[in-house]
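In C-alpha cells, the next block holds one chain alone, the form predicted on its own.
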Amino acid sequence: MTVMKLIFLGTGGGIPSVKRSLPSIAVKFSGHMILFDCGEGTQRQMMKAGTGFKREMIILLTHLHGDHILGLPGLIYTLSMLNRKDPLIVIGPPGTKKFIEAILSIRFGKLNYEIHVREILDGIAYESREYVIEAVRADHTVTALAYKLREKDRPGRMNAEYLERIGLPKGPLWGRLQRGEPVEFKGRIIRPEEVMGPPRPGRKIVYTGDTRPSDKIVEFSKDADVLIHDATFHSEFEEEALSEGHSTARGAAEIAFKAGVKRLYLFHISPRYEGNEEKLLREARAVFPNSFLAEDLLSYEVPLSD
C-alpha cells in the first residue's frame, strides 16, 4: 500500500498568529513531496514536521497573494544550500513566472538547480504514474485556483483462491495479471478479467485555496476523501467574507455536504479567532458533522477505500 500522508504546515490566513503559520500544505505520496501554497515560514514548518526536503518536490500555488507565496524565496534558497541538483517544479496561475523571475533577479545567493515554472488556469496541472493533479478556477478577488490530488484507480481485488487452486505460483505472473496483462500457464492463457475484480477508485484530496462558496467547487470535490476548504470567518461576518473573496465555516460545510466528501478540514483561519476556533468548528459540524479544524503540524493518513 502506498501511504498518502497529509501534513498541515500553516493554517492561518492574512497574517501569522502565535498559533498559526501562513498557508501551506504538504502531501507525501508515491515518493513525492507535493506542496500546496508556500506561506511565510514554510521551510521552518517543514523542518518541525520532519517532512524533509525531497528531491521529487512539486509546488502548486493557488494564487499570488502574499500570505500564500512569500515563503518561496526562503525555501528556494534553502534547497540550494542543501545542494539540490534536481529541477524544482512550480505550478500556479498566470503571473507565477514573473514572480519567480522577480525572486531570482535579486541574486540572494547561488542557485544550484533549475526551476521549471508552469502557468495554468484549469485542467491537468501535473501527472505521474500513480496520480494526477487537476486544477479548476476558484472564486476569489484575484485569479485563483483550487487543486485536486487524485490517485489513479487501483487494480481490483485478485481472486487469490482461484489462482492457488490452479497452481499459479505467486510472484511475477500474479504481478502481470494485476497490471492488466494476460499470462500463459500450463498451456492456457489466463486473462486479467478472469481473476481480477473491477478497478477500485483512488484517493482524492481537494484544496480550495481562497474562495467564495461555489458550485464549481462542489462538482470538483465530489466524493473526495478530504476537502480542505477556506473557512476564514464565522457566518456572523458572511458579508465581509464574500466581499473579500472568502468563505465562512458554514459555507465550507455546505460545500462538503453537497459534494458528499468524507472529511472536511476548515482552513485559512482568521487571526481574530485565535483561542476561539471552536466557534467555527461548531458552526461547521451543525451542517457537516465530519468537520475538523486544520491545525499547524497536524497530519492525517488518507485511508484506502474498499
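Residue numbers run from 1 along the displayed sequence. What you see is a predicted model; the values in this text were computed from it and never measured.
The same protein also has a form predicted together with a further copy of the same chain, omitted here; what follows describes it.
- Note on the partner interface in the predicted bound form: the residue among 124, 81, 121, 160 having a heavy atom within 4.5 angstroms of a further copy of the same chain is 81.
- In the predicted bound form, a further copy of the same chain sits within 4.5 Å of a heavy atom belonging to residue 41.
- Contact annotation: residue 102 falls within 4.5 Å of a further copy of the same chain in the predicted bound form, judged by heavy atom distances.
- Looking at residue 73, you'd find a heavy atom of it within 4.5 angstroms of a further copy of the same chain in the predicted bound form.
- Taking the partner from the other structure, a further copy of the same chain in the predicted bound form has a heavy atom within 4.5 Å of a heavy atom of residue 65.
- Between 54-62, 23-31, 41-49, 254-262, the stretch whose residues reach within 4.5 angstroms of a further copy of the same chain in the predicted bound form through a non-hydrogen atom is 41-49.
- Annotation for 9-23: interface residues with a further copy of the same chain in the predicted bound form are 14, 15, 16, 17, 18, 19, 20, 21, 22 [heavy atom within 4.5 Å].
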